[in-house]
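Coming up are structure 1 and structure 2: the same protein chain in two forms, each one given alone as structure tokens.
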Structure 1
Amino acid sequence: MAADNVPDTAWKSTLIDDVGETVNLCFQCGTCTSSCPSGRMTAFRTRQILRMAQFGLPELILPSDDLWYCTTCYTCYERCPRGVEIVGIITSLRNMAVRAGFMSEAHKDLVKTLYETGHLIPTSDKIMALRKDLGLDEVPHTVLRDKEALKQVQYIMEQTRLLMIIKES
């Protein structure tokens, strides 16, 4: 990472290699930020993140909680007059953040749940009762029923840096 907000051209080149040149097409019109549902509820400002990416300032982006407020709804991309692949850029920045050891607590909790259950949304007594009332098996035919499949999910997760990050917290 660059020090003292000095542009890091090597980092920016890595970002462009990952997401393409559309990051450079943004001319800061603000359409992404004004149409962002997350921006209405949080301090998330899409165009600020894009501008920092354009300037090659990972030290301002990667540790930022704002990076994790994007819901990947694609509203910004659909409305962007320049075709900037905003969600792809945010996803790439999140991947860089994780590799650098940064992740929101909510996302860490999701990873923990996935590791423990094989699902992002675990079942509960209420859900099992509702499934039974609907004539379904209480436990769906997924990893929740297949302990071997859960072991495979856990093995894959153990091979990644992602699991190490959540274990450290």
Structure 2
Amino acid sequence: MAADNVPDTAWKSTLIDDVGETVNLCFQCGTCTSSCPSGRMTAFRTRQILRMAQFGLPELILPSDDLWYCTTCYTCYERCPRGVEIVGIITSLRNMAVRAGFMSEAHKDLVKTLYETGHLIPTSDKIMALRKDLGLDEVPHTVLRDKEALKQVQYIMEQTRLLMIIKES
């Protein structure tokens, strides 16, 4: 990566390889920002992220907390007059941020829960009792009752190295 305000053209090409050329179509109209539910509550500005991506400024984007205020609601994407793949671009930038070691503890914990249980929500005795009261099987018919299935999920996460990326960061 180059110094933080010098455009990094090599980085920009990796972004385009990942999500296509639509980042270059953005003409900074601001429709995305004015549609953004998260931007209403915070200083997060969708348009600014797009402009920084267009310039090729990873040093400014990847460590930034702003990147993580998007709820992926797709409102901006639906309304963008230039067909910019906004959510795809934000997703790609987030993937890069994770690989560069910028990930919150709360998010790391979710990945660990996913690896350990195959679900993102832990189960409990209370919920199993309630399931029984409702006439459901106490344990749902998922990885929760099938150790081999859980191993398959863990195998996938090992193959894609997500867990290792997190541990190394």
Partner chain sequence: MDLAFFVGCIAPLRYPGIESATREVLERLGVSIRDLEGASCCPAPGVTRSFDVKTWVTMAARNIALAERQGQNIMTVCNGCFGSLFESAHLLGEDPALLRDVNDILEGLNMTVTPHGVEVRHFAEFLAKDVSDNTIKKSFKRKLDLDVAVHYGCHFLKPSKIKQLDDPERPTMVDKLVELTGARSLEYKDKQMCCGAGGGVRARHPDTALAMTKAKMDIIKEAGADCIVDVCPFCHLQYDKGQKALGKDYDIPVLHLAQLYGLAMDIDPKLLGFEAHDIPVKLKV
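The shown structure was predicted, so the numbers you read here are calculated from the model rather than taken from an experiment. Rigid core (definition): largest C-alpha set, two forms, superposition within 1.5 Å. Residue numbering: sequential along structure 1, first residue numbered 1.
### Panel number for the form predicted together with its partner chain
Structure 2 is the one predicted together with its partner chain.
### Query
Between the rigid parts turning between structure 1 and structure 2, which of 138, 122, 102, 37 is at the hinge point?
In this comparison, the hinge residue comes out as 102.
### Query
If the larger rigid part is held fixed, how many degrees does the smaller one turn between structure 1 and structure 2?
Relative rotation between the rigid parts: 17 degrees.
### Message
Relative to the superposed core, report the C-alpha shift of residue 160 between structure 1 and structure 2 in angstrom.
### Response
Its C-alpha shift, to one decimal, is 5.8 Å.
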